[in-house]
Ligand SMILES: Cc1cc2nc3c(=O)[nH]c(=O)nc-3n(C[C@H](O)[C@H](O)[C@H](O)COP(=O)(O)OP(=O)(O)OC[C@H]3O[C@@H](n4cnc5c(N)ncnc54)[C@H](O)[C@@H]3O)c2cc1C
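Below sits a lone chain in structure tokens, taken as the form predicted on its own.
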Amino acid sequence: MDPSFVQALVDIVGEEFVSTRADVLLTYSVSASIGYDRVVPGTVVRPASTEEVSQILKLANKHKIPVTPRSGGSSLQGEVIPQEDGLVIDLLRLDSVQLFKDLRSVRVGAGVTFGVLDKYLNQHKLWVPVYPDSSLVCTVAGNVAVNGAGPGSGVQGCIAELVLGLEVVLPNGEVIQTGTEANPNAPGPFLRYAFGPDITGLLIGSLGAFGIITAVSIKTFKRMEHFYYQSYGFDTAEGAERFLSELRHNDVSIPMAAIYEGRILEFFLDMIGEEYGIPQTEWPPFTVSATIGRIRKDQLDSDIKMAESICMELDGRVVGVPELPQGEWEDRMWTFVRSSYVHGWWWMMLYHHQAPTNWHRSVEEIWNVMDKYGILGQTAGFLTGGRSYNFYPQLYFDPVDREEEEKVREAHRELSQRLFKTGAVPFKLARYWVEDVEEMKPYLQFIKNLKQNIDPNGIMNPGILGGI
């Protein structure tokens, strides 16, 4: 990278926070995204404020240097893999936290992780009830940029449902604020839908393609104190699906709920069943693992009775194994991350959302593809709100076996096409989700038009949003 450009970065943030060292660049060439090739950037810069981010983007835009924003680096689909010889902007120094207790909201800098935020809010008996599986390193802003979810999403839904406003630095260095905080006289974040169009929504899930989120204002809730863990069994997928729908329809508070069929459950238990102390059990064909949580004990007792009643009405049974949902919930900051890495395989993942009543369609196609290609894998997931089920099937391969890796990549591509036909929608607008999908072309053209107008020099995370 041009030494004069690097020196200009030093002038903005100081020499300590700019690096072109080979070992540092190598660190930033990868993320937690297993199965993606490393790309070495030209420079890494670590600003400490929104103003410094603004100056950096003005400089990068002037020199047409591609920029990749990065915080915790826990993303799993290559979102923070940089451009060759490009610029990585590490946002972890933006670590402010400001609580607006009366407004039931909190504003956090782009470097604040869910783990740090949870510890802070716990002092006030509050929480943000979404825990991405990498919560100890995943930042709130990064999760907003991918419209993430996680254990806890069963009640409130994805992170997008909680956002009240964003502070964003556009590619030209201009800073905008969305939501009520766009009015400097506002007492704080209390409403997202202010000042006309929902600009906040445009930026959620944009993967850093439209600008850099430097601060997030988000809803907080009184912390649940009472929990109940139970597994419910059904003979059919439709019974398990209906059970989840009826729980939410009857306002049973389930911050974490997941459906397991035999092959999925066997694989999952093989990985972490012993660690969670799950006993040997004759499992039903379909198991719903549910954590019920409430602020008050009387509310919890009512929900427990309602859940059992709904289960029986649907010809299900109470399995009586609380260790499965309890392990998932108590280990929620890294349950599925732990299970993903326990065997040491590499894997490719295909995040998607499916209607809860269509859960079986995703599972069928996932197994069809795995069986067709003769590969090992599993799929996990959980309810997100009452209207969506979040899936993330993993296709495993040996990283030293190039033939096996290419087979998994081919299976990955085919699975995305099959899932699209079931009515599933992308968790993130990755390129593989939209390749050769005729129905997506008008939508992608609209995204492309937005990108060209917001970022005419194409510097912001180029190619990351559906290949745009």
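On a predicted model such as this, the values are computed, not experimentally measured, just so you know. Residue numbers here begin at 1 and follow the sequence given.
The same protein also has a form predicted together with the named molecule, omitted here; what follows describes it.
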*Heavy atom of Ala290 within 4.5 Å of the named molecule in the predicted complex*: no
*Given that the partner is absent here, does Cys138 sit within 4.5 Å of the named molecule in the predicted complex, heavy atoms only?*
yes
_At 4.5 Å between heavy atoms, is Val146 in contact with the named molecule in the predicted complex?_
yes
*Consider Tyr351 of the chain shown here, and say whether it contacts the named molecule in the predicted complex, taking contact as heavy atoms within 4.5 Å.*
yes
*Based on heavy atom distances of at most 4.5 Å to the named molecule in the predicted complex, which listed stretch, 176-184, 210-218, 278-286, 225-233, is the contact stretch?*
210-218
_Heavy atom within 4.5 Å of the named molecule in the predicted complex - residue from Gly165, Pro255, Gly72, Gly377_ = Gly72
*Heavy atom within 4.5 Å of the named molecule in the predicted complex - residue from Ala424, Ala411, Ala430, Ala32*: Ala32
_Heavy atom within 4.5 Å of the named molecule in the predicted complex: which residues of 74-101 meet that condition, in order?_
Ser74, Ser75, Leu76, Glu79, Val80, Leu91
